[in-house]
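The chain that follows stands alone, in the form predicted alone, written as structure tokens.
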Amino acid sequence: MAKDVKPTRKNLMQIEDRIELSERGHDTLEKKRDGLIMEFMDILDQAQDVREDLDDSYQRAQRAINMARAMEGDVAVRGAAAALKEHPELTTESKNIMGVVVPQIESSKVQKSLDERGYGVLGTSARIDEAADAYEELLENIILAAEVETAMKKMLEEIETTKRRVNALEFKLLPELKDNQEYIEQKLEEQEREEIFRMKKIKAKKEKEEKEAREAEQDAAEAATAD
């Protein structure tokens, strides 16, 4: 690629400017990559805690529903579920983490009081109430897990994108620019040496011609004196 570049001082100055700009961009991207990795590690720790809570709440919900079905029967459990009038509502917003837009999920009407569930208190038992509590908690954890997992995925994608850009600058663009810089500098030095050599030859030739002219004038003067 270097041989395709004309070895001129103008091109050398342009390449030096591009190297300086690319190095600044490389430093900025490295800092961004490192910052993203730190943020990602924090989210990863949070995700691990959320997953553990999700597993625990799932196990509790399963035990609670199995107990309710065993004690009250499937018909009572299904009847209580069908009585639900107000369903959970979700709204999504977003927040910016080092240039990465990640979702924030807000939920409402997930955890309800006994009178908000729609079934009659006298017609059900504490087992059904416990199952409802457990599944409402499970749903809250599912929503939180979705938010954290999505944020983690977006952060990881941005980290990979930034790493590719850092590597492209570090291992491709900057080496090519520096090769071009070195090539032009070498060519300009060669041209300068050739110009110095040429000027020396011109000077030597001129001095020789001047010497010969002086000698010729001197010979002519001596010949005229002899006559």
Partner chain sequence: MSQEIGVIGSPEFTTGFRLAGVRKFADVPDDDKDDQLDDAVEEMLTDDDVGIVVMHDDDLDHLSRGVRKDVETSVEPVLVTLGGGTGSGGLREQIKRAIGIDLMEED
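Numbering follows the first chain given and starts at 1. Keep in mind that this is a model prediction, so the values were computed, not measured. Definition used throughout: the rigid core is the maximal C-alpha set that superposes within 1.5 Å between two forms.
This next part talks about the form predicted together with the partner chain, which is not shown.
Novice: Among 54, 174, 188, 67, which has at least one heavy atom within 4.5 Å of the partner chain in the predicted bound form?
Specialist: Answer to the contact question: 54.
Novice: At 4.5 Å by heavy atoms, is each residue in 88, 136 and 159 next to the partner chain in the predicted bound form?
Specialist: Spot residues vs the partner chain: full contact, yes.
Novice: Can you say which of 196-204, 44-52, 22-30, 179-187 gets within 4.5 Å of the partner chain in the predicted bound form, counting heavy atoms only?
Specialist: Single hit among the candidates: 44-52.
Novice: At the 4.5 Å heavy atom threshold, is residue 126 in contact with the partner chain in the predicted bound form?
Specialist: No, residue 126 stays farther than 4.5 Å from the partner chain in the predicted bound form.
Novice: Applying a 4.5 Å heavy atom distance criterion, does residue 104 contact the partner chain in the predicted bound form?
Specialist: No - in the predicted bound form, heavy atoms of residue 104 and the partner chain never come within 4.5 Å of each other.
Novice: Answer with yes or no whether residue 37 is in contact with the partner chain in the predicted bound form, where contact means some heavy atom within 4.5 Å.
Specialist: Although the partner chain is absent here, residue 37 would touch it in the predicted bound form, with heavy atoms inside 4.5 Å.
Novice: Is residue 100 one of the residues lying within 4.5 Å of the partner chain in the predicted bound form, judged by heavy atom distances?
Specialist: Residue-level check for residue 100: no, no contact with the partner chain.
Novice: From first to last in sequence, which residues of 141-158 have any non-hydrogen atom within 4.5 angstroms of the partner chain in the predicted bound form?
Specialist: Read in sequence order, the residues that approach the partner chain (within 4.5 Å, in the predicted bound form) are 142, 143, 145, 146, 149, 150, 152, 153, 154, 156, 157.
Novice: Indicate whether residue 54 shows a C-alpha shift of 2 Å or more between this form and the one not shown, with the rigid core used for the fit.
Specialist: Yes, the C-alpha position differs by at least 2 Å between this form and the one not shown.
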